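Here we start with a single chain on its own, the form predicted on its own, put down as structure tokens.
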């Protein structure tokens, strides 16, 4: 039987680990050909090695905050696979985020990757999709855009780092902007906003006590795994979502429940 993405070519940024790796695995299982775009060569090559038996997959080192690198990623994908149908903007600074750094410089660094990088990849991919009259772009925001207080302490040490949630809220708005700009060319742009997802990065970054509190606050009372998000990405990338654009789907087990 064919998959829902048979014959499609997808770039998945940050696919060397975590949620992006789960997306790559599911997309291959659904019949897509996948370009892993990751800034870390070891992770990117390891992903190709691990998933190569599932379908056609390749890796190109990509720094999404660098316009030339974003353009080169799209060019390499078209050269390798002949076209581009789907862009999954998953990459972000998260696994090594420093919640103690509240400097303007650090905010600018996070913004350059998490928000501007999403725009740069969309800008690079759009001309290919416009030329063929069809495309799917799926951005990745976060539940942090809807319910985020960081890790509060009893003593005040200054206004804390808000860089991660503000970039993710910016992606919700960017999704609407891109959808309005590109819809007339047959390109849909949607957004997934995951809750706290049990990746290696989350285990490293988020205290267990906080994880337990957040899990107990959800309607489903269970922890979100990367694989729980992959079905939504497939839906947005497929023809089933042909008339769905500018939308954000929060997948957090029933924590934020935005209207």
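All of these numbers come straight from a predicted model, not from anything done at the bench. Residue numbers count along the first chain shown, from 1.
The same protein also has a form predicted in complex with a small molecule, omitted here; what follows describes it.
Residue 46 falls outside the set of residues with a heavy atom inside 4.5 Å of the small molecule in the predicted bound form. With a 4.5 Å cutoff on heavy atoms, residue 17 counts as touching the small molecule in the predicted bound form.
In the predicted bound form, the small molecule sits beyond 4.5 Å of every heavy atom of residue 87. Shown alone here, residue 57 lies farther than 4.5 Å from the small molecule in the predicted bound form, counting heavy atoms only. A single residue from the set 92, 137, 120, 74 has any heavy atom within 4.5 angstroms of the small molecule in the predicted bound form; that residue is 92.
Only one segment in the set 230-238, 213-221, 47-55, 31-39 has residues whose heavy atoms sit within 4.5 Å of the small molecule in the predicted bound form; it is 31-39.
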